[in-house]
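Only one chain is shown below, in structure tokens, and it's the form predicted on its own.
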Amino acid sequence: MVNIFRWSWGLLLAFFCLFLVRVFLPLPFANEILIFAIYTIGCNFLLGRVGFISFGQPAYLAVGAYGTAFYLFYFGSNPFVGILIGVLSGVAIALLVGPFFVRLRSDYFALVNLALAVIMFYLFEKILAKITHGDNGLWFLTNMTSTPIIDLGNPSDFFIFTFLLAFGVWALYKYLDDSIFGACCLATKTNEDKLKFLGYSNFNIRWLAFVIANTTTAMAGSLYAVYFGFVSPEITAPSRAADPVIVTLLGGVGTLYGPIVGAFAYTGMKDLISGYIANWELFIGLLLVFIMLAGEKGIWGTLEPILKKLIFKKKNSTN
């Protein structure tokens, strides 16, 4: 219990700041940051803890989104059930492809995941066009029924639900970071032989980390589907394969709050700059190059030691 209280204040402070974003900034912007941050944290965990750089996250995002969309378009109307089906779809795909992918390392893992994103894109756009309606997509916003207590069809209620869900996701990843499993994930990235000597299976650890991370990504896809009430193959477009990696690098690889900071910076720059310049990605690229040259710590990785020093000084002054 002591350990829980030790780190929970940090999560509470971070999400309190995020809640202030909702108060002072438009609701759609706040919702997009929350979903994008959930989308990114799986990629952040894979890269920072396991050493897997994945350009295939749009594939798992699409699996969650289409799992939700198929239910809401063809079978049911409860958005909560739709989200559950989307998450379970992500678990199923991660369990299926994981044993093959986690055997690969470095560039091979990145490329095979990118290939999966391309396959998913053409699968949803062409091969399954009769079911997915191709580029026209699936529209099901009017199919969703109102739910008691929290109505996900209401943007404000959707924010509350996503906010609570994101807090739970971050608490889970914080627990994983501080657990033996998190240490094993880091060990399989840095010293496989020592981990094997201690009796742990590198393969099982990577597979479980792969499933957890990509299930989180599928959850983000489900939230996107419910929020927009629409899904098209564009969600898994290979041209957007680098987005979660870029946000991970912007925020800070392997840091808990990096995905929140990175999603805020990326979404904010996109919304602000795109209003004036069409090629807004150029500024993201320049910022990323500057951050990498400055120390490869990302925005939060750079700010974190400064904030710790300030907090430490305040504690000493009060004592």
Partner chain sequence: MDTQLLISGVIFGLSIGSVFFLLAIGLSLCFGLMRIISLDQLLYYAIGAYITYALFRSTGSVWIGVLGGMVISGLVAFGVERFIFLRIYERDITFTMIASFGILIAGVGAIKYVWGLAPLPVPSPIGAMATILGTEIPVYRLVVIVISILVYVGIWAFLNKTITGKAIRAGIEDIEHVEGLGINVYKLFTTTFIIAGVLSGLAGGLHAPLIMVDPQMGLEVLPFVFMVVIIGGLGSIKGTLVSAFIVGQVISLGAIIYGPLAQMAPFAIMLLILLIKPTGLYGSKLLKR
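Positions refer to the first chain, counted from 1. For clarity, a rigid core is taken as the largest C-alpha set superposing within 1.5 Å between two forms. From a predicted model like this one, the values you see are computed outputs, not experimental measurements.
Just so it is clear, the following notes concern the form predicted together with its partner chain, a form of the same protein that is not shown.
**Q** At 4.5 Å between heavy atoms, is Tyr74 in contact with its partner chain in the predicted bound form?
**A** It does not: once its partner chain is placed as it appears in the predicted bound form, Tyr74 has no heavy atom within 4.5 Å of it.
**Q** Please determine whether Arg103 contacts its partner chain in the predicted bound form, using a 4.5 Å cut-off between heavy atoms.
**A** Yes, Arg103 is a contact residue.
**Q** So in the predicted bound form, is its partner chain close enough to Lys126 to count as touching (4.5 Å, heavy atoms)?
**A** Lys126: contacts its partner chain in the predicted bound form.
**Q** Any chance Met269 has a heavy atom within 4.5 Å of its partner chain in the predicted bound form?
**A** Contact check for Met269: no, nothing within 4.5 Å of its partner chain in the predicted bound form.
**Q** Considering its partner chain in the predicted bound form, find the one stretch among 66-74, 26-34, 276-284, 254-262 with heavy atoms no farther than 4.5 Å from it.
**A** The contacting stretch here is 276-284.
**Q** With the partner left out here, if you bring back its partner chain in the predicted bound form, are Leu114, Val118 and Tyr122 all within 4.5 Å of it by some heavy atom?
**A** Yes, the whole candidate spot contacts its partner chain.
**Q** Looking at Ile235, Leu249, Met219, Val226 here, can you tell me which has any non-hydrogen atom within 4.5 angstroms of its partner chain in the predicted bound form?
**A** Checking each option against its partner chain in the predicted bound form, the one that comes within 4.5 Å is Leu249.
**Q** Within 4.5 Å of its partner chain in the predicted bound form, heavy atoms considered, which of Ala110, Ile212, Leu152, Val87?
**A** Result of the distance check: Ala110.
**Q** Taking its partner chain as it sits in the predicted bound form, which residues of 30-56 have a non-hydrogen atom within 4.5 Å of it? Please list them.
**A** The stretch touches the partner through Ile53, Phe55.
**Q** Following rigid core alignment, is the displacement of the Met269 C-alpha between this form and the one not shown equal to or greater than 2 angstroms?
**A** It does not reach a 2 Å shift.
**Q** Comparing between this form and the one not shown on the rigid core, is the C-alpha shift at Leu288 2 Å or larger?
**A** Where the cores coincide, Leu288 still shows a C-alpha shift between this form and the one not shown that is 2 Å or more.
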